[in-house]
Ligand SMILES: Nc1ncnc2c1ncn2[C@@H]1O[C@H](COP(=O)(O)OP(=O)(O)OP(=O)(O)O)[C@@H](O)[C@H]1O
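Just one chain follows, in the form predicted alone, and it is written as structure tokens.
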Amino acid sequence: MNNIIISAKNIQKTYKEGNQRITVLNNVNIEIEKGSRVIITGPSGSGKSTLLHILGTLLSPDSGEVFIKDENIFKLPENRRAEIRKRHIGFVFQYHYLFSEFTALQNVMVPLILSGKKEKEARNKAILLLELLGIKDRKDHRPNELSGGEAQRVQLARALANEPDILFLDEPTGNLDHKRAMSLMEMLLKLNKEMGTTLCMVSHNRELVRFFNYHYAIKDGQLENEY
């Protein structure tokens, strides 16, 4: 039985810088197993976020293929890719990008309403997610009334609202102090074990490697399997 949820083959990506073209990813290959925890490390500018955005279908490669559940993603029309993102993928970024005029609860309700849930059902599920992440008591607060760690948890709850198969995390601890970063990582570990959510994170912080069972490092556009 094939347990691979995402497979990327020969991914190439370059950017134009002045009159030059800079190769960020050079024939990168990676397979991610369902239920696994994968971390990709590398310094700023190494291409790790670019790779994450390609794997998450937010960015197209110059060449190469990405398969999600055996579908060749970049061969599909954009509306079909958007549907796959909505059904199978969640994102957590370094900056929370919450809607400033909405409460924490309303922010988590947004993807549920967009997916067709009735308001009462969306509200009940959003409350459960906030409770799971330990911030139910902050449900009526707006983003500017939340700490950095609380806002990150709201973003995580929103990302989990539609029960994605895989959660992509782009430097999610980058703006958190050590205590809050460790708290977030313990929470992600719990979600992976209890809900079976596949995790794929990029970070420059190698201290986080111990939370993952697959570690890759990007160097000179190449992806090296550390373990």
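Source: prediction; values computed, not measured. A residue's number is simply how far along the shown sequence it sits, counting from 1.
Just so you know, the form predicted together with this ligand exists too; it's not on screen, but the next bit is about it.
Touches this ligand in the predicted bound form: residue 47 (any heavy atom, 4.5 Å): Because a heavy atom of residue 47 falls inside 4.5 Å of this ligand in the predicted bound form, the answer is yes.
Any chance residue 15 has a heavy atom within 4.5 Å of this ligand in the predicted bound form? Yes, residue 15 lies within 4.5 Å of this ligand in the predicted bound form.
Using a 4.5 angstroms cut-off on non-hydrogen atoms, would residue 94 count as touching this ligand in the predicted bound form? Output for residue 94 is yes: heavy atoms within 4.5 Å of this ligand.
Residue-level question: is residue 165 within 4.5 Å of this ligand in the predicted bound form, judged on heavy atoms? No, no contact at 4.5 Å.
Hey, of 49-57, 26-34, 62-70, 184-192, which bit sits against this ligand in the predicted bound form at 4.5 Å between non-hydrogen atoms? Within 4.5 Å of the partner lies stretch 49-57.
Contact set, 134-170 vs this ligand in the predicted bound form - heavy atom within 4.5 angstroms: Contacting residues: none.
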